[in-house]
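Heads up, the chain below is alone and in the form predicted on its own; it's given as structure tokens.
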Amino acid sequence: MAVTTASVASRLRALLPEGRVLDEPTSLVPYAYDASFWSLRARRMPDAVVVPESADDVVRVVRFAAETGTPVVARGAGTGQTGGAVPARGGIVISFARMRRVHEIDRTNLQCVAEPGIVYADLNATLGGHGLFFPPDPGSGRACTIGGMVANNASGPHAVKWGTTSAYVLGAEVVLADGSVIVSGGARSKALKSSSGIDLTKLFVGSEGTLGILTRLRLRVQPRPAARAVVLAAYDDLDHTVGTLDDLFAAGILPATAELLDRTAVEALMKWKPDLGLPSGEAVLLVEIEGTRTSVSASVREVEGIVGRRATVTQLAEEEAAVQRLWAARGGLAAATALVFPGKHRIFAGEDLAVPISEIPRTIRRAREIGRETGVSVIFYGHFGDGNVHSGIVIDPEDPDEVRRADELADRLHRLAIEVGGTVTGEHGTGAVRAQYMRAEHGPALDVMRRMKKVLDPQGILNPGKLDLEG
């Protein structure tokens, strides 16, 4: 009983309080895109956007969608890079911009309860007043929402020590495809662990809104470390970076972060901010240690000694201002690439591979070769400690041939990741962009995913066209 485009908004307005439904064409345009290059190349407009203020609003929308067979897509801040929150087949977008409350902070039990629309940085600012933090640390943390992070199992440079978002979701309130509501992780639980029943929470984490829509999250939080310091090291051989990380592991040291800058990234940053004084070499590592002030002071020198066995140069950043300066520089790679390649733009495509740590040097070298073979400019960097290799592809989007070659480069990078025993996405999700690689990466396990989708969403109305779940 599908409804016409014109009637979707009017029907929704009859179900929801005033001001919750958008359908003016100019208001809908932003919801046709995310940060992905895929979304920038063809406009995919929703029929209407709903901005709920409560779970009840979401239930009404999903029940309407179920009754009419209308697609419905949950959306956070739209920072995703794979088209995951873009309405590939029209329908309704549910924006969680108004559902950003923190309902509870329980310091003693190391958890909080929050709505999915709260921005990561805002949640951590609130938790900071209680000496706590939410460890997953995406590069878009000043803009991305917690709901989007959970939907994509996001992470960032601190995943080597703290893990990904999945490790911190204790439970969730979820609106299912028929409009019914469940609470995973125990309806009244405040426990930090459980072995009771099938872990439905982990089923929804990373499912990108294809199995249910998150309306409330119970999250594990951690005491915020009091101090940190960074060892900066340069290498004349990529293979020595792997050796250094293995040396640290052998010494029983697990860094908070271990960030890799390929020489292309170092060159870009030095053109952007020459006063950074980054050392030159085939690669640079930023190894961060955190803990109490006393432990960090001792540990960072031990780490510098271990790193210095293979590095050509090492530097210490112990004051918080110096540490923040380094990470701010690392976060400025997008601006830096614009200086290195004037007239061109960074696109998000093929940017999020994750491979075994031992395969990082071979992956980057082969990726460099593919860049030369396709004639496309690319900068490499990554969260070295967990094998996440990022590629910053830089092109003129108005040049059709360059766009074609960038598509080829991105495709070959995805296939390279699978070839070396990795994954096509380490933290940004599958969305529409990477759906084509799911069979190659998962084999028959994809069929099980499709069966779960069919059971939980028999009409296929939840975020259709994503993760290759339709079969």
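Not measured: the values here are computed from a predicted model. Note that residue numbering begins at 1 and tracks the sequence as displayed.
The following text describes the form predicted in complex with another copy of the chain, which does not appear among the structures shown.
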Heavy atom within 4.5 Å of another copy of the chain in the predicted bound form - residue from 305, 331, 397, 225: 225
Heavy atom within 4.5 Å of another copy of the chain in the predicted bound form - residue from 276, 200, 316, 323: 200
Another copy of the chain in the predicted bound form: contacting segment from 35-43, 66-74, 413-421, 400-408, heavy atom within 4.5 Å: 413-421
Contact test in the predicted bound form: residue 246 vs another copy of the chain, heavy atoms, 4.5 Å: yes
Another copy of the chain contact at residue 427 in the predicted bound form, heavy atom, 4.5 Å: yes
Interface membership of residue 281, another copy of the chain in the predicted bound form, 4.5 Å heavy atom rule: no
4.5 Å heavy atom contact, residue 346 to another copy of the chain in the predicted bound form: no
4.5 Å heavy atom contact with another copy of the chain in the predicted bound form for all of 160, 194 and 254: yes
Residues of 90-125 having any heavy atom within 4.5 Å of another copy of the chain in the predicted bound form, listed in sequence order: 107, 108, 109, 110
